[in-house]
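Below you'll find only one chain, the form predicted on its own, shown as C-alpha coordinates.
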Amino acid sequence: MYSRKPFYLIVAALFLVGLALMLHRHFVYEVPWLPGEKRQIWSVEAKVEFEADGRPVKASLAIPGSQPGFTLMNESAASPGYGLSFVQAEDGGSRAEWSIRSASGHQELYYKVDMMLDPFAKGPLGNMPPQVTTVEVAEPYATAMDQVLTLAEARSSDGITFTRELLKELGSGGQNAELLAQYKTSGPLLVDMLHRAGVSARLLKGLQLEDGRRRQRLVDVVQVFDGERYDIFNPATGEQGRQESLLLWEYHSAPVLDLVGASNSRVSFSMLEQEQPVNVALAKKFDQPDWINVSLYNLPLEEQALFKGILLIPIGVLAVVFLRIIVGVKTSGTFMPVLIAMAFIQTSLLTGLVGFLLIVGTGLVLRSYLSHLNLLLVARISAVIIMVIGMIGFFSIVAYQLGLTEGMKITFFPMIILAWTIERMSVLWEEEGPKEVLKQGGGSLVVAVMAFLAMNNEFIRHLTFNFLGLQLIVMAAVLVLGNYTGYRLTELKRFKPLVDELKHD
(Lines give C-alpha, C1' and ligand atoms only; values in the text may rest on other atoms or scores of the structure.)
Protein backbone atom coordinates (compact mmCIF):
# COMPACT_ATOMS: atom_id res chain seq x y z
CA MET A 1 0.00 0.00 0.00
CA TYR A 2 1.33 3.37 -1.01
CA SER A 3 2.01 5.94 1.70
CA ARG A 4 -0.26 9.02 1.56
CA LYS A 5 2.38 11.27 3.12
CA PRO A 6 3.72 12.60 -0.24
CA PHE A 7 0.17 13.45 -1.27
CA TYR A 8 -0.52 15.43 1.89
CA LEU A 9 2.89 17.12 1.64
CA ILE A 10 2.11 18.23 -1.93
CA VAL A 11 -1.31 19.52 -0.89
CA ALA A 12 0.17 21.38 2.11
CA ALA A 13 2.94 22.85 -0.05
CA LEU A 14 0.47 24.07 -2.67
CA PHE A 15 -1.73 25.63 -0.01
CA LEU A 16 1.13 27.32 1.87
CA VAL A 17 2.87 28.63 -1.27
CA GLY A 18 -0.43 29.95 -2.61
CA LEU A 19 -1.24 31.60 0.70
CA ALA A 20 2.25 33.10 0.92
CA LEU A 21 1.94 34.56 -2.60
CA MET A 22 -1.40 36.11 -1.72
CA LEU A 23 -0.08 37.62 1.51
CA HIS A 24 2.97 38.90 -0.36
CA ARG A 25 0.77 40.62 -2.93
CA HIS A 26 -1.33 42.20 -0.21
CA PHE A 27 1.33 43.38 2.21
CA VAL A 28 4.19 44.21 -0.18
CA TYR A 29 2.28 45.53 -3.18
CA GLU A 30 -0.76 46.82 -1.29
CA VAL A 31 -3.28 44.87 -3.38
CA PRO A 32 -6.58 45.00 -1.43
CA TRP A 33 -8.55 41.91 -0.46
CA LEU A 34 -11.86 43.45 -1.47
CA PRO A 35 -12.89 44.89 -4.85
CA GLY A 36 -14.10 48.43 -5.26
CA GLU A 37 -11.38 50.05 -3.16
CA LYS A 38 -9.91 53.27 -4.44
CA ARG A 39 -6.58 54.98 -4.23
CA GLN A 40 -5.93 58.63 -3.52
CA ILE A 41 -4.37 60.40 -6.50
CA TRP A 42 -2.98 63.93 -6.38
CA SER A 43 -2.98 65.81 -9.67
CA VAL A 44 -0.47 68.65 -9.46
CA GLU A 45 0.00 71.23 -12.20
CA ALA A 46 3.07 73.46 -12.34
CA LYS A 47 2.65 76.71 -14.24
CA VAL A 48 5.84 78.40 -15.46
CA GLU A 49 5.50 82.06 -16.41
CA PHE A 50 8.15 84.42 -17.78
CA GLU A 51 8.68 87.32 -20.14
CA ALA A 52 10.49 86.58 -23.41
CA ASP A 53 12.15 89.27 -25.55
CA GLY A 54 12.56 87.60 -28.92
CA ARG A 55 15.68 85.56 -28.13
CA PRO A 56 15.92 81.74 -28.08
CA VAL A 57 14.47 80.46 -24.81
CA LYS A 58 15.36 77.36 -22.84
CA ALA A 59 13.43 76.57 -19.65
CA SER A 60 14.37 73.63 -17.43
CA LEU A 61 11.99 72.70 -14.62
CA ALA A 62 12.78 70.19 -11.88
CA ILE A 63 10.05 67.54 -11.76
CA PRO A 64 9.29 64.92 -9.11
CA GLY A 65 9.53 61.16 -9.44
CA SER A 66 8.39 58.20 -7.38
CA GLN A 67 9.59 58.72 -3.83
CA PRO A 68 8.84 57.37 -0.36
CA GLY A 69 5.12 57.97 0.13
CA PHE A 70 4.21 58.67 -3.51
CA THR A 71 4.22 56.73 -6.79
CA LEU A 72 4.33 58.63 -10.06
CA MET A 73 1.38 57.61 -12.23
CA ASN A 74 1.25 60.00 -15.17
CA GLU A 75 3.01 63.11 -16.34
CA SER A 76 2.29 65.42 -19.26
CA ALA A 77 3.02 68.94 -20.43
CA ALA A 78 1.29 71.63 -22.45
CA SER A 79 3.53 74.05 -24.32
CA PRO A 80 2.28 75.08 -27.80
CA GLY A 81 5.15 75.86 -30.14
CA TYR A 82 7.86 74.67 -27.73
CA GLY A 83 10.00 71.62 -28.03
CA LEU A 84 9.76 69.42 -24.92
CA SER A 85 11.94 66.67 -23.51
CA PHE A 86 12.11 64.88 -20.18
CA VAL A 87 15.80 64.53 -19.34
CA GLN A 88 17.85 62.98 -16.58
CA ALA A 89 20.14 65.52 -14.92
CA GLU A 90 23.72 64.74 -13.88
CA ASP A 91 22.75 64.88 -10.20
CA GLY A 92 20.20 62.11 -10.77
CA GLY A 93 17.14 64.33 -10.79
CA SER A 94 14.56 64.54 -13.57
CA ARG A 95 13.80 67.74 -15.44
CA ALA A 96 11.35 68.93 -18.10
CA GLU A 97 13.10 71.05 -20.69
CA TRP A 98 11.25 73.38 -23.07
CA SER A 99 12.99 75.16 -25.92
CA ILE A 100 12.02 77.52 -28.71
CA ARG A 101 14.01 79.47 -31.29
CA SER A 102 12.20 82.75 -30.73
CA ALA A 103 9.50 83.94 -28.31
CA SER A 104 8.22 87.33 -27.29
CA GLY A 105 5.98 88.64 -24.56
CA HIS A 106 4.35 86.79 -21.69
CA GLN A 107 4.86 83.02 -21.89
CA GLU A 108 3.13 80.21 -19.97
CA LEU A 109 4.25 76.58 -19.82
CA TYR A 110 2.42 73.81 -18.01
CA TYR A 111 3.58 70.54 -16.49
CA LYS A 112 1.11 68.12 -14.90
CA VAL A 113 1.86 65.06 -12.81
CA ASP A 114 -0.40 62.49 -11.10
CA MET A 115 1.04 61.07 -7.88
CA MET A 116 -0.59 58.19 -5.99
CA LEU A 117 -0.44 58.26 -2.22
CA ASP A 118 1.42 55.02 -1.59
CA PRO A 119 2.98 54.07 1.75
CA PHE A 120 4.88 51.25 0.02
CA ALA A 121 6.43 53.48 -2.63
CA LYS A 122 10.16 53.62 -3.05
CA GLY A 123 12.18 56.21 -4.84
CA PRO A 124 15.56 57.73 -5.49
CA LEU A 125 15.50 60.11 -2.52
CA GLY A 126 19.21 60.64 -1.91
CA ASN A 127 20.66 59.11 1.23
CA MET A 128 24.28 60.09 0.56
CA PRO A 129 25.36 63.03 2.76
CA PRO A 130 26.28 66.12 0.73
CA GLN A 131 29.63 67.80 1.21
CA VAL A 132 29.74 70.34 4.04
CA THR A 133 30.60 73.82 2.72
CA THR A 134 31.24 76.68 5.11
CA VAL A 135 29.99 80.09 4.01
CA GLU A 136 31.66 83.29 5.16
CA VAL A 137 29.24 85.26 7.30
CA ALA A 138 29.59 88.93 8.09
CA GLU A 139 29.28 90.39 11.58
CA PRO A 140 27.18 90.64 13.66
CA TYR A 141 25.43 87.59 12.15
CA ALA A 142 28.50 85.38 12.60
CA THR A 143 28.62 86.02 16.34
CA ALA A 144 24.87 85.44 16.68
CA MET A 145 25.20 82.16 14.80
CA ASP A 146 28.05 80.93 17.00
CA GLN A 147 26.16 81.74 20.20
CA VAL A 148 23.03 79.90 19.01
CA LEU A 149 25.08 76.92 17.78
CA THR A 150 26.88 76.68 21.13
CA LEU A 151 23.58 76.51 23.04
CA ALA A 152 22.15 73.89 20.68
CA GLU A 153 25.29 71.77 20.71
CA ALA A 154 25.32 71.59 24.48
CA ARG A 155 21.84 70.01 24.51
CA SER A 156 22.36 67.52 21.66
CA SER A 157 24.11 64.24 21.02
CA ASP A 158 24.18 63.90 17.20
CA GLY A 159 23.30 65.73 14.02
CA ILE A 160 19.56 64.99 14.24
CA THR A 161 19.14 66.11 17.85
CA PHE A 162 21.43 69.08 17.19
CA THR A 163 19.09 70.25 14.39
CA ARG A 164 16.09 69.83 16.66
CA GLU A 165 17.64 71.95 19.39
CA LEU A 166 18.85 74.50 16.86
CA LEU A 167 15.32 74.96 15.53
CA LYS A 168 14.09 75.47 19.09
CA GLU A 169 16.67 78.22 19.58
CA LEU A 170 15.78 79.88 16.27
CA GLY A 171 12.10 79.78 17.19
CA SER A 172 12.59 81.04 20.71
CA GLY A 173 12.22 84.70 19.74
CA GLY A 174 15.47 85.69 21.41
CA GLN A 175 17.66 88.56 20.26
CA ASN A 176 19.99 86.30 18.26
CA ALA A 177 17.06 84.53 16.61
CA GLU A 178 15.46 87.86 15.65
CA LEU A 179 18.75 89.09 14.20
CA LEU A 180 19.34 85.91 12.18
CA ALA A 181 15.78 86.01 10.81
CA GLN A 182 16.79 89.24 9.05
CA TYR A 183 19.86 87.58 7.54
CA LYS A 184 18.23 84.81 5.48
CA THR A 185 14.98 82.92 5.19
CA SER A 186 14.56 79.96 7.50
CA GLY A 187 15.57 77.20 5.06
CA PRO A 188 18.89 78.54 3.73
CA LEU A 189 19.70 79.91 7.23
CA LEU A 190 19.30 76.46 8.81
CA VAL A 191 21.48 74.82 6.15
CA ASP A 192 24.20 77.49 6.57
CA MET A 193 24.23 77.09 10.34
CA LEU A 194 24.33 73.28 10.13
CA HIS A 195 27.27 73.44 7.71
CA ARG A 196 28.96 75.95 10.02
CA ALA A 197 28.64 73.36 12.79
CA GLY A 198 29.97 70.59 10.51
CA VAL A 199 26.61 68.81 10.10
CA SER A 200 25.81 67.55 6.63
CA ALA A 201 22.47 68.87 5.31
CA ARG A 202 20.82 69.89 2.08
CA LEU A 203 17.94 72.16 1.15
CA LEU A 204 14.97 70.49 -0.59
CA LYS A 205 11.83 71.94 -2.10
CA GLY A 206 8.47 70.43 -1.19
CA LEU A 207 4.83 71.07 -1.99
CA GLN A 208 2.18 70.98 0.72
CA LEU A 209 -0.78 69.15 -0.82
CA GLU A 210 -4.21 70.61 -0.12
CA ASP A 211 -7.23 69.76 -2.23
CA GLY A 212 -8.33 72.52 -4.62
CA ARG A 213 -5.50 74.94 -3.79
CA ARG A 214 -4.19 77.23 -6.55
CA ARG A 215 -1.10 79.36 -7.06
CA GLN A 216 0.82 77.61 -4.31
CA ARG A 217 4.56 77.95 -3.81
CA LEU A 218 7.15 75.38 -2.91
CA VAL A 219 8.27 75.32 0.71
CA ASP A 220 11.78 74.78 2.05
CA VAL A 221 12.56 71.45 3.65
CA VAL A 222 15.93 70.49 5.13
CA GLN A 223 17.34 66.98 4.94
CA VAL A 224 19.79 66.47 7.83
CA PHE A 225 22.25 63.56 7.90
CA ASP A 226 23.81 61.70 10.77
CA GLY A 227 26.07 59.21 9.06
CA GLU A 228 23.90 57.35 6.53
CA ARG A 229 20.79 58.07 8.56
CA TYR A 230 18.79 61.16 7.75
CA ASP A 231 15.67 62.98 8.82
CA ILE A 232 13.50 65.71 7.34
CA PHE A 233 12.86 69.03 9.11
CA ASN A 234 10.52 71.86 8.29
CA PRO A 235 12.61 74.96 9.11
CA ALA A 236 9.55 77.24 9.19
CA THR A 237 7.55 75.24 11.74
CA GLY A 238 10.33 73.24 13.38
CA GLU A 239 8.49 69.94 12.74
CA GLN A 240 10.64 66.84 12.54
CA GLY A 241 9.79 64.03 10.14
CA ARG A 242 8.14 64.02 6.80
CA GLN A 243 4.47 64.89 6.64
CA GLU A 244 2.19 62.55 4.68
CA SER A 245 0.85 65.42 2.58
CA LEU A 246 4.29 66.81 1.68
CA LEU A 247 5.39 66.00 -1.88
CA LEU A 248 9.11 66.58 -2.43
CA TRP A 249 9.38 68.38 -5.76
CA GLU A 250 13.14 68.95 -5.95
CA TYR A 251 15.48 66.85 -3.80
CA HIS A 252 18.90 67.12 -5.43
CA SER A 253 19.84 70.65 -4.33
CA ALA A 254 19.34 71.92 -7.88
CA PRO A 255 17.38 75.02 -8.93
CA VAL A 256 13.67 74.44 -9.42
CA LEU A 257 13.64 76.51 -12.62
CA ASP A 258 16.61 77.21 -14.83
CA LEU A 259 15.68 79.81 -17.47
CA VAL A 260 17.86 81.09 -20.34
CA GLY A 261 16.77 83.85 -22.76
CA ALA A 262 13.91 85.31 -20.68
CA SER A 263 13.27 87.14 -17.42
CA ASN A 264 10.72 87.69 -14.63
CA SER A 265 10.12 83.96 -14.21
CA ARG A 266 7.69 82.51 -11.73
CA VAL A 267 6.50 78.97 -10.92
CA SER A 268 3.16 78.33 -9.21
CA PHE A 269 1.31 75.14 -8.45
CA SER A 270 -2.32 74.04 -8.48
CA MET A 271 -3.47 70.72 -7.10
CA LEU A 272 -6.53 68.52 -6.98
CA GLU A 273 -7.27 65.38 -5.02
CA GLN A 274 -9.13 62.57 -6.75
CA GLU A 275 -9.74 58.87 -6.35
CA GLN A 276 -9.25 56.10 -8.87
CA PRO A 277 -10.35 52.45 -8.75
CA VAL A 278 -7.62 50.33 -7.31
CA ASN A 279 -7.26 48.22 -10.47
CA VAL A 280 -6.52 51.33 -12.55
CA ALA A 281 -4.05 52.64 -10.00
CA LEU A 282 -2.28 49.28 -9.66
CA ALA A 283 -2.12 48.81 -13.43
CA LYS A 284 -0.19 52.05 -13.70
CA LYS A 285 1.96 51.33 -10.67
CA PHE A 286 3.04 47.88 -11.88
CA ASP A 287 3.62 48.74 -15.53
CA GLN A 288 7.33 48.22 -14.90
CA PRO A 289 7.94 44.46 -14.52
CA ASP A 290 9.62 43.24 -11.37
CA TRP A 291 10.97 39.70 -11.23
CA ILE A 292 9.22 39.03 -7.92
CA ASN A 293 6.09 40.92 -8.85
CA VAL A 294 4.16 38.21 -10.70
CA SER A 295 1.28 40.35 -11.84
CA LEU A 296 -1.04 40.23 -14.84
CA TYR A 297 -0.91 44.03 -14.85
CA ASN A 298 2.46 43.69 -16.62
CA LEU A 299 0.70 42.26 -19.69
CA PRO A 300 -0.95 44.26 -22.50
CA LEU A 301 -4.61 45.06 -21.89
CA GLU A 302 -5.81 42.54 -24.49
CA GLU A 303 -3.98 39.69 -22.74
CA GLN A 304 -5.17 40.93 -19.35
CA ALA A 305 -8.79 40.70 -20.53
CA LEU A 306 -8.12 37.19 -21.84
CA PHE A 307 -6.61 35.98 -18.57
CA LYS A 308 -9.41 37.57 -16.58
CA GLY A 309 -11.72 34.93 -18.05
CA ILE A 310 -9.25 32.04 -18.11
CA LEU A 311 -8.42 32.39 -14.40
CA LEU A 312 -12.09 31.91 -13.54
CA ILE A 313 -12.15 28.39 -15.03
CA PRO A 314 -10.44 26.77 -11.97
CA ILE A 315 -13.22 28.24 -9.80
CA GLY A 316 -15.83 26.63 -12.04
CA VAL A 317 -13.86 23.39 -12.03
CA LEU A 318 -13.77 23.44 -8.22
CA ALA A 319 -17.55 23.92 -8.14
CA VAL A 320 -18.02 20.96 -10.53
CA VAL A 321 -15.69 18.72 -8.49
CA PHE A 322 -17.50 19.60 -5.25
CA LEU A 323 -21.00 19.10 -6.67
CA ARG A 324 -20.11 15.82 -8.38
CA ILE A 325 -17.92 14.22 -5.69
CA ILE A 326 -19.46 15.53 -2.47
CA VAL A 327 -23.07 16.25 -3.46
CA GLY A 328 -23.31 13.59 -6.17
CA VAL A 329 -24.97 15.64 -8.93
CA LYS A 330 -24.90 13.84 -12.29
CA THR A 331 -23.95 15.89 -15.33
CA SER A 332 -23.78 15.30 -19.05
CA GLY A 333 -20.05 15.53 -19.68
CA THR A 334 -17.54 16.16 -16.92
CA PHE A 335 -16.71 19.81 -17.46
CA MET A 336 -19.44 20.77 -19.94
CA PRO A 337 -21.18 22.80 -17.16
CA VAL A 338 -18.05 24.96 -16.76
CA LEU A 339 -18.05 25.87 -20.45
CA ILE A 340 -21.79 26.57 -20.33
CA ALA A 341 -21.18 28.77 -17.26
CA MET A 342 -18.50 30.66 -19.22
CA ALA A 343 -21.10 31.25 -21.94
CA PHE A 344 -23.60 32.44 -19.30
CA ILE A 345 -21.06 35.09 -18.23
CA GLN A 346 -21.14 36.46 -21.78
CA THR A 347 -24.88 36.15 -22.34
CA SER A 348 -26.27 36.82 -18.83
CA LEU A 349 -27.95 34.02 -16.88
CA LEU A 350 -31.55 34.29 -18.09
CA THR A 351 -30.66 34.73 -21.77
CA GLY A 352 -28.18 31.88 -21.52
CA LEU A 353 -30.67 29.49 -19.91
CA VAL A 354 -33.35 30.22 -22.51
CA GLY A 355 -30.85 29.89 -25.36
CA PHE A 356 -29.38 26.66 -24.01
CA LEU A 357 -32.79 25.00 -23.55
CA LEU A 358 -33.93 26.20 -26.96
CA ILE A 359 -30.87 24.88 -28.82
CA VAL A 360 -30.57 21.58 -26.96
CA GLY A 361 -34.34 20.91 -27.12
CA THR A 362 -34.51 21.60 -30.86
CA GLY A 363 -31.29 19.67 -31.38
CA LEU A 364 -32.71 16.58 -29.66
CA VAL A 365 -35.73 16.62 -31.96
CA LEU A 366 -33.55 16.90 -35.08
CA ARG A 367 -31.04 14.38 -33.75
CA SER A 368 -33.81 11.81 -33.29
CA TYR A 369 -34.30 11.82 -37.07
CA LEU A 370 -30.57 11.18 -37.63
CA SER A 371 -30.89 7.96 -35.59
CA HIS A 372 -33.02 6.47 -38.32
CA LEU A 373 -30.32 7.07 -40.94
CA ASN A 374 -27.79 4.71 -39.28
CA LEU A 375 -24.88 7.09 -39.86
CA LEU A 376 -21.34 6.51 -38.62
CA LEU A 377 -20.43 8.38 -35.43
CA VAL A 378 -18.13 10.96 -37.02
CA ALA A 379 -20.60 11.81 -39.75
CA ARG A 380 -23.46 11.98 -37.23
CA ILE A 381 -21.53 14.33 -34.91
CA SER A 382 -20.55 16.46 -37.89
CA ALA A 383 -24.17 16.73 -38.91
CA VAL A 384 -25.14 17.72 -35.37
CA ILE A 385 -22.45 20.44 -35.33
CA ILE A 386 -23.81 21.84 -38.59
CA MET A 387 -27.32 21.73 -37.16
CA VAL A 388 -26.18 23.59 -34.04
CA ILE A 389 -24.56 26.30 -36.13
CA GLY A 390 -27.68 26.57 -38.22
CA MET A 391 -29.92 26.79 -35.14
CA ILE A 392 -27.74 29.48 -33.54
CA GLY A 393 -27.82 31.47 -36.76
CA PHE A 394 -31.58 31.00 -37.18
CA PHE A 395 -32.43 31.96 -33.59
CA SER A 396 -30.10 34.98 -33.78
CA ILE A 397 -31.86 36.23 -36.93
CA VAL A 398 -35.29 35.68 -35.39
CA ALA A 399 -34.24 37.49 -32.21
CA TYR A 400 -32.90 40.40 -34.27
CA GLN A 401 -36.08 40.60 -36.35
CA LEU A 402 -38.15 40.68 -33.17
CA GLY A 403 -35.94 43.37 -31.67
CA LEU A 404 -34.62 41.01 -28.96
CA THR A 405 -30.96 41.96 -29.19
CA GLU A 406 -30.21 39.98 -26.04
CA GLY A 407 -31.11 36.82 -27.95
CA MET A 408 -28.23 37.38 -30.37
CA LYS A 409 -25.81 36.64 -27.52
CA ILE A 410 -26.42 32.88 -27.93
CA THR A 411 -23.56 32.98 -30.45
CA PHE A 412 -21.25 32.92 -27.40
CA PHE A 413 -22.21 29.29 -26.70
CA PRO A 414 -19.45 26.75 -27.46
CA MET A 415 -20.88 25.04 -30.54
CA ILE A 416 -18.83 21.84 -30.35
CA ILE A 417 -19.78 21.35 -26.70
CA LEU A 418 -23.46 21.90 -27.53
CA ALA A 419 -23.21 19.36 -30.34
CA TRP A 420 -21.68 16.75 -28.04
CA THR A 421 -24.27 17.51 -25.36
CA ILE A 422 -27.06 16.87 -27.86
CA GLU A 423 -25.36 13.67 -29.00
CA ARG A 424 -24.86 12.36 -25.43
CA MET A 425 -28.41 13.18 -24.37
CA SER A 426 -29.81 11.59 -27.50
CA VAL A 427 -27.87 8.37 -26.87
CA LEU A 428 -28.93 8.49 -23.20
CA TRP A 429 -32.56 8.91 -24.27
CA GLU A 430 -32.34 5.81 -26.43
CA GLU A 431 -30.56 3.71 -23.78
CA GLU A 432 -31.91 4.94 -20.42
CA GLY A 433 -35.07 6.84 -21.32
CA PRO A 434 -36.22 10.45 -20.91
CA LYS A 435 -36.06 10.33 -17.09
CA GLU A 436 -32.27 9.93 -17.11
CA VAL A 437 -31.98 12.68 -19.74
CA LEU A 438 -33.91 15.05 -17.51
CA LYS A 439 -31.80 14.02 -14.51
CA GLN A 440 -28.45 14.53 -16.20
CA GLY A 441 -29.57 17.53 -18.23
CA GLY A 442 -31.07 19.16 -15.15
CA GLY A 443 -27.94 18.29 -13.15
CA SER A 444 -25.76 19.87 -15.81
CA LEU A 445 -27.81 23.05 -15.74
CA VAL A 446 -27.78 23.19 -11.92
CA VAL A 447 -23.99 22.76 -11.86
CA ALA A 448 -23.59 25.32 -14.66
CA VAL A 449 -25.69 27.85 -12.75
CA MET A 450 -23.75 27.23 -9.51
CA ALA A 451 -20.44 27.57 -11.38
CA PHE A 452 -21.74 30.74 -13.03
CA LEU A 453 -22.70 32.27 -9.67
CA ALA A 454 -19.23 31.48 -8.31
CA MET A 455 -17.34 32.68 -11.40
CA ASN A 456 -19.45 35.82 -11.84
CA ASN A 457 -19.02 36.91 -8.22
CA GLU A 458 -17.19 40.24 -8.10
CA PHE A 459 -15.17 39.21 -5.04
CA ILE A 460 -14.04 35.96 -6.72
CA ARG A 461 -13.17 37.78 -9.93
CA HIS A 462 -11.09 40.28 -7.97
CA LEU A 463 -9.19 37.55 -6.09
CA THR A 464 -8.47 35.36 -9.13
CA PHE A 465 -7.13 38.25 -11.19
CA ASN A 466 -5.10 40.00 -8.52
CA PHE A 467 -3.87 37.03 -6.46
CA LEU A 468 -2.41 34.31 -8.67
CA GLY A 469 -1.56 32.33 -5.54
CA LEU A 470 -5.28 31.53 -5.29
CA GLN A 471 -4.85 29.11 -8.21
CA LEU A 472 -2.52 26.97 -6.10
CA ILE A 473 -5.01 26.96 -3.22
CA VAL A 474 -7.80 25.92 -5.60
CA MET A 475 -5.59 23.12 -6.92
CA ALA A 476 -4.91 21.94 -3.36
CA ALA A 477 -8.67 21.92 -2.69
CA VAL A 478 -9.31 19.91 -5.87
CA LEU A 479 -6.68 17.35 -4.84
CA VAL A 480 -8.23 17.03 -1.37
CA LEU A 481 -11.71 16.55 -2.88
CA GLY A 482 -10.26 13.98 -5.25
CA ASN A 483 -9.13 11.97 -2.25
CA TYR A 484 -12.68 11.69 -0.91
CA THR A 485 -14.11 8.14 -1.05
CA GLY A 486 -17.15 8.49 1.20
CA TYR A 487 -20.86 8.70 0.39
CA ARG A 488 -22.29 11.46 -1.77
CA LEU A 489 -24.92 13.59 -0.10
CA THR A 490 -27.54 12.42 -2.62
CA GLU A 491 -26.77 8.81 -1.70
CA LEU A 492 -27.75 9.32 1.92
CA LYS A 493 -31.43 9.03 0.98
CA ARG A 494 -30.85 5.30 0.65
CA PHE A 495 -30.65 5.14 4.42
CA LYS A 496 -34.02 6.84 4.90
CA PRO A 497 -35.93 3.50 5.40
CA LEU A 498 -33.38 2.53 8.04
CA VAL A 499 -33.85 5.85 9.83
CA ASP A 500 -37.64 5.51 9.67
CA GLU A 501 -37.39 1.99 11.07
CA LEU A 502 -35.22 3.17 13.96
CA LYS A 503 -37.70 5.96 14.72
CA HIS A 504 -40.61 3.50 14.90
CA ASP A 505 -38.63 1.25 17.20
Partner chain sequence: MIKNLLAKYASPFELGRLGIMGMNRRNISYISRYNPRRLYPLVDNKLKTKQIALDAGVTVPEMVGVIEYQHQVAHLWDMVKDWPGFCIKPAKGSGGKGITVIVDHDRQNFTKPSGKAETIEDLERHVSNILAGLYSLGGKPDVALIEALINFDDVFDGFSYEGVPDTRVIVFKGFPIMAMMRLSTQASDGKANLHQGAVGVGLDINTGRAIRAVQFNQPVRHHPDTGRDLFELKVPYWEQLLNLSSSCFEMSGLGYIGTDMVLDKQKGPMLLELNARPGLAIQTANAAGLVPRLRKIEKLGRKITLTPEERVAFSRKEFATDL
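Residue numbers count along the first chain shown, from 1. Quick caveat: nothing in here was measured; it's all calculated off a predicted structure.
Absent from the display: the form predicted in complex with the partner chain. The rest refers to it.
- Contact check at 4.5 Å (heavy atoms) against the partner chain in the model of the complex: all three of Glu423, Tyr484 and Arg488 pass.
- Mapping the unseen interface onto this chain, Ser104 falls outside it, with no heavy atom inside 4.5 Å of the partner chain in the model of the complex.
- Interface residue remark: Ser371 is counted as part of the site for the partner chain in the model of the complex, having a heavy atom within 4.5 Å.
- In the model of the complex, the partner chain sits beyond 4.5 Å of every heavy atom of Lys112.
- Interface membership of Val219, defined by any non-hydrogen atom within 4.5 Å of the partner chain in the model of the complex, is ruled out.
- Residues with any non-hydrogen atom within 4.5 angstroms of the partner chain in the model of the complex fall in just one of 311-319, 376-384, 160-168, 250-258: 376-384.
- With the partner removed from view, the residue among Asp91, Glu244, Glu431, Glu275 that has a non-hydrogen atom within 4.5 Å of the partner chain in the model of the complex turns out to be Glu431.
- Residue in contact with the partner chain in the model of the complex (any heavy atom within 4.5 Å), chosen from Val87, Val427, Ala142, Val365: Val427.
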